[in-house]
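Shown below, as structure tokens, is a lone chain in the form predicted on its own; questions about how it binds or moves come after it.
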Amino acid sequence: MPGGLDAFVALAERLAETSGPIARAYFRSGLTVEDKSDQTPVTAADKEAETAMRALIEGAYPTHGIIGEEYGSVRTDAEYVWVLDPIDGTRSFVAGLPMFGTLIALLRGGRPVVGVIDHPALGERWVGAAERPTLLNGKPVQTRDCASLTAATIYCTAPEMFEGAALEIFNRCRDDARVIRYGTDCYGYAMVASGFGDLVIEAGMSAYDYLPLVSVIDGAGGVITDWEGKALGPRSDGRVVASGDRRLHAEVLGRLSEAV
């Protein structure tokens, strides 16, 4: 891999180390919240964090592409493309809840090879890289065994993500599961990677929401796909299911296929 995976992981961590202090400085500060054209919230923290990360990427790898939530895309046809969500869970952020995170991915040929889930308010950072174990603050983590939905803990940001048949199927999964927790944003995926939960089912996600999660889940022994079981890429439809156990994943995909 030209440039070396180690160098890419190091830059991804630098991006998190740069964005984290910005997020913490604004957290619980009473900052102004604006609504974007899609009615999702954005703050100065989102914008400043992404600006700082983009500057680091441009300085280190000016030929690499960038896809960012706040400032759009450049050079997306490049072999290497960085994907940035400066504050995933802005609603949690402005509500004073520490569940928000910074998401970072590096794609090679459209496939995630590096992923970071960084939680600045909690001091926790998950780093995944191709064919390497996922690390939480430098120590390996692993998903846990959970063969069936009836034994599973499910995470989901909000049931409002689903409509129609998808909502009906999600509700049946929720009712059959052992535990359901809402409001987790990207933290739910981190908990699956660390073996504290078993499943995340979500929809309506953008590429910068889900691509950084792939390497983290994969490197911990889990599986993350779209609702058809296909690998996630920049053009996936935003319906995501992540599981710590492949047996559970297969069961849930069978249910979700009714809504595909």
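Just so it is clear, the structure is predicted and the values come from calculations on it, not from any experiment. A residue's number is simply how far along the shown sequence it sits, counting from 1.
Same protein, other form: the form predicted together with another copy of the chain, not shown, and the subject of what follows.
Partner contact region in the predicted complex: 93 to 101, out of 93 to 101, 68 to 76, 110 to 118, 127 to 135, criterion any non-hydrogen atom within 4.5 Å of another copy of the chain.
Taking non-hydrogen atoms only, residue 232 never approaches another copy of the chain to within 4.5 angstroms in the predicted complex. Contact between residue 47 and another copy of the chain in the predicted complex is not found at the 4.5 Å heavy atom cutoff. Another copy of the chain in the predicted complex is approached by residue 174, whose closest heavy atom lies within 4.5 angstroms of it. Residue 151 falls outside the set of residues with a heavy atom inside 4.5 Å of another copy of the chain in the predicted complex. Site residues 160, 178 and 181 are all in contact with another copy of the chain in the predicted complex, judged by any heavy atom within 4.5 Å. Only one of 205, 191, 57, 223 lies close to another copy of the chain in the predicted complex, with a heavy atom inside 4.5 Å, and it is 191.
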